[in-house]
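A single chain, nothing else alongside it, follows as structure tokens in the form predicted on its own.
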Amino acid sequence: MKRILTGIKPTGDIHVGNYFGAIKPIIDLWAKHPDSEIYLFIPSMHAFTTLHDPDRLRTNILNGMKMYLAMGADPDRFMIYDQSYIAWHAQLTRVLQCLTHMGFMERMHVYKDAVAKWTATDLSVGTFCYPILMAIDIIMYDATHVPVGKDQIQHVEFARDIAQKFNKMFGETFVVPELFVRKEVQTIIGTDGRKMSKSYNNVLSFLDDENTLLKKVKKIPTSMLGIDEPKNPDECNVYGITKLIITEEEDAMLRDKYLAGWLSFKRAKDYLYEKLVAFMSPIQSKFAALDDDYVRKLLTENAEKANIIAEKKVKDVYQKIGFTL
């Protein structure tokens, strides 16, 4: 049986990139493999590397959980939990920190990106050790498959490496996870032409109202080609988002209009906005209908289930490395 795991860091609202990069792939996998176990979690401990506002963090966790449910995560069939409710994450992180070399961490993208943005005095140890905690998220629950975007591949590869290293040193303990990357959505473009990311403030959020959404769509950069000139849709930032939320038939017709020169960028943006509203509205309605107390109760109940699995794994690790007499 497959155990598929993913999560979205609660540093802001869940956006289109999150949905197509993490939520939809895991729901699609479950549809194809209904006997699989789905683990969908809130990585709140990861968010704390940069988000130190407790009220905002609580709101993001609650909204993230509600958005998972609104997007189709079945609470009766998915294990949906908050990472910070399970103390074993921190305990196992300490063990693997002692088995990971500094030089390896310095080569990780998350560290290089952080160094490029901040000075050493601003960079937390938590950011440096981010990949280790992410590896724990995966291997502590014996996940077999992890849907990720292109930028997260290195992290899952590290989880594979550290699982193999531990198994070689102390005996078979961790499942070595497999990557699942949907090539068509490896990188989802944001409103500024870069990868869609909360850190770039270029996201199309599922909590945006229609006016905010329209303003964001209008700002998407395009080329200087004229209205009647043929355009390559694969080089258009607007099309890069639109193709995710339309049918194959709609996509074929849209591509024809680009190539024939029958489509202005203004009309392309208007079309994207119309499709975004139609795509997001049902999810927004489901989100609004969810009761906060129900969501908190679900988080507490699922934390108890996750704790049982995590405790068993960490006690096994402690026994093998010599912590248990």
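For every residue, the number given is its place in the sequence shown, counted from 1. All values derive from a computational prediction rather than experimental measurement.
Below, we refer to the form predicted together with ligand TYM, which is not included among the displayed structures.
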Check 24, 64 and 75: does every one of them have a heavy atom within 4.5 Å of ligand TYM in the model of the complex?
-> no
Answer key: of 192, 157, 151, 208, within 4.5 Å of ligand TYM in the model of the complex (heavy atoms) is 151
The one option of 91, 144, 97, 187 with any heavy atom within 4.5 Å of ligand TYM in the model of the complex is 187
Partner contact for residue 12 in the model of the complex: ligand TYM, 4.5 angstroms, heavy atom = no
Contact between residue 269 and ligand TYM in the model of the complex at 4.5 Å, heavy atoms?
-> no
Just to confirm, residue 138 within 4.5 Å of ligand TYM in the model of the complex by heavy atoms?
-> yes
Indicate whether residue 4 is a 4.5 Å heavy atom neighbour of ligand TYM in the model of the complex.
-> no
Hey, of 97-105, 127-135, 221-229, 168-176, which bit sits against ligand TYM in the model of the complex at 4.5 Å between non-hydrogen atoms?
-> 127-135
Just give me the residues of 20-59, first to last, that have a heavy atom within 4.5 Å of ligand TYM in the model of the complex.
-> 21, 22, 41, 43, 46
